[in-house]
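Here's a solo chain for you in structure tokens, the form predicted on its own.
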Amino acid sequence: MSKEKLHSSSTETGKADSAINKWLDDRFQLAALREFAKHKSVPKFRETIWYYFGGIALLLFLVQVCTGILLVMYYKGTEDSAFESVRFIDAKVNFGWLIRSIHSWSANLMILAIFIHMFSIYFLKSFRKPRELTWYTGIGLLFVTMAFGFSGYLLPWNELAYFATKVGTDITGQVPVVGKFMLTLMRGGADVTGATLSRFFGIHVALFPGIFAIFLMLHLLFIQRQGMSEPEEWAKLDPKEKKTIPFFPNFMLRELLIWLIVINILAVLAVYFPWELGKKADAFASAPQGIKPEWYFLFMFQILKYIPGKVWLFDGEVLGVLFFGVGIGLWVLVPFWDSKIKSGHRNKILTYIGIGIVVFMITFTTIAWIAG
């Protein structure tokens, strides 16, 4: 092809692209979006690595959605069919065992990523004004994700899931005043039955995804409006000393590289450590040894085991539930009570509190895991 024809072809292509861009820009104001993307940046300092965990959690949520859609095509959420439908997925559906394993592993990794993201936000003090609502929506995402895990755990209707759900809902029933109502609402009756399974299936695939989507949209909106948080030490630097990374394409390409690493880790876990199905649940069988909730509830489960049945005039489990309720409430409201601390060592106090909580959770989770 001659140079004249090549030049003519490229000119026509450029005109076509220009026309498409103009057509889209007239309708969606893409010029403002491109200008925003051009100037969006991320602070560059030694803790920048923690910024990636929010994106990792988002990736794992997308994996959850995709694999969940594939699984629900074959799953039957009834007492008579749930276990058999999961066994059919594992044994008969092409790569069904792999999809189920990816779904289970990604759920656990997603909760881990959100925990890491939450604590990094706490230690970087990124919950302070004007980012209080970003913190609250992030906490909402954590709670909904844990509820996702709790409801999804029962769906295979196997022995371990059945008795673990029974233990978990029993603890909920110990909440003062509203505990009995919440217990009946969750179980759909007095005990864990097929009605509980149907209820958990419904909220797992319909209610929780909608709530999660609302929190996620608000969370992302707040982040985009306020930009990436800057550590107090970094913000005090001279503007000439501050280093930033352009979000597009630099930070985004690094995020995509980390996503690729996470996908590989997820694939290795799913292939070499497939999620076991176990035995079908039997309400009349005795509970097997070592029944315990998922790892993200283990530290609470272990603490409740240490509390005596009666503490003075009060039931031990009720006091334990109250203790965790107050602790969770204080954690959620950290932007509020942080603003009330007038000490000059305010940052150190918060850091020590955070370190204590992390050590507390890891210690009792490890003890519960070793105890079996």
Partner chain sequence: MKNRLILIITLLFSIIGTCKLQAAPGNDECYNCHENLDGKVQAPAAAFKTDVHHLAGISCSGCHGGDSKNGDMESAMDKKKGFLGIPQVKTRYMVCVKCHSDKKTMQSFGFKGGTEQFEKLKESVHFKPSYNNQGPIADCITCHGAHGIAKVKDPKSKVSPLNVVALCGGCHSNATFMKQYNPGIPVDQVIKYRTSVHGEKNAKGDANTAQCVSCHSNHGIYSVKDPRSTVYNKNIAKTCSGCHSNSVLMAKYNIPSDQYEKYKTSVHGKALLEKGDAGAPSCNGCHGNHGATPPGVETISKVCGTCHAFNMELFEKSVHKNAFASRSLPECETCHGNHGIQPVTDEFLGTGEKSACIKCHHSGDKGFIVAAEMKQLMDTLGMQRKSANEYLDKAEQLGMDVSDEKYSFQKLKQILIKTKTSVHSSELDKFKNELNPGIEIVNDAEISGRKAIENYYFRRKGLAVASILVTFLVVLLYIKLKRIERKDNAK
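Remember, it's a predicted structure, so these values are computed and weren't measured experimentally. Numbering follows the first chain given and starts at 1.
There is another form of the same protein, the form predicted in complex with the partner chain; it is not shown, and what comes next is about it.
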*Partner-proximal stretch of 130 to 138, 264 to 272, 297 to 305, 220 to 228 relative to the partner chain in the model of the complex, 4.5 angstroms, heavy atom*: 264 to 272
*Among Ala91, Leu253 and Leu256, does every residue place a heavy atom within 4.5 Å of the partner chain in the model of the complex?*
yes
*asked:* Under a 4.5 angstroms heavy atom criterion, identify the one residue in Gly290, Pro249, Pro176, Gly202 near the partner chain in the model of the complex.
replied: Pro249
*Could you work out which of Arg87, Lys280, Lys242, Lys76 is the residue within 4.5 angstroms of the partner chain in the model of the complex, going by heavy atoms?*
Arg87
*asked:* Is Leu260 near the partner chain? Define near as a heavy atom within 4.5 Å, in the model of the complex.
replied: yes
_in the model of the complex, Phe115 touching the partner chain (heavy atom, 4.5 Å)_ = no
*Give a yes or no for Trp97: in the model of the complex, does one of its heavy atoms lie within 4.5 Å of a heavy atom belonging to the partner chain?*
yes
